[in-house]
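We begin with a single chain expressed as structure tokens, specifically the form predicted alone.
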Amino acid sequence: MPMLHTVNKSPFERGVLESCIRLATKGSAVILIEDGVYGATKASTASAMVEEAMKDLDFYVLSSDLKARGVDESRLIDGITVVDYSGFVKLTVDNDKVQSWL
């Protein structure tokens, strides 16, 4: 049963992303929104964890939240998909459930 996990907290201030990755089942999707987008950046303290998790999980990041925080797409970990609001809605429809990590 595919599930979409939304993470809106920075991995540098809370362990929400780590908890999400630990508990998400294989085949699930994770979308990083708001300050969660920092978890998608290369060469950060969270990047190795995210890269390892990408073997089992699909990762997405919301484009408008990247722009709002001045994060250029070139700084993202390879393989993370950038989506707009329409793409976010499609993810919610394509997955059976949505789990918000606060």
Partner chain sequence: MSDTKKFLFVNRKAPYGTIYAWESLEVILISAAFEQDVSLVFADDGVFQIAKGQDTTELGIKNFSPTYNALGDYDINKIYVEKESLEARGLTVDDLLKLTYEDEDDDWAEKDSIHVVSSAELAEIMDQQDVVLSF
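Numbering follows the first chain given and starts at 1. Everything numeric in this text was worked out from a predicted model, so none of it was measured.
The same protein has a further form, the form predicted together with its partner chain, not shown here; the description that follows concerns it.
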property	result
Contact flag, Ala68 vs its partner chain in the predicted bound form, heavy atom cut 4.5 Å	yes
Partner contact for Asp58 in the predicted bound form: its partner chain, 4.5 angstroms, heavy atom	no
Contact test in the predicted bound form: Asp94 vs its partner chain, heavy atoms, 4.5 Å	no
Asp78 within 4.5 Å of its partner chain in the predicted bound form, heavy atoms	no
Residues of stretch 19-35 in contact with its partner chain in the predicted bound form (4.5 Å, non-hydrogen atom)	Asp35
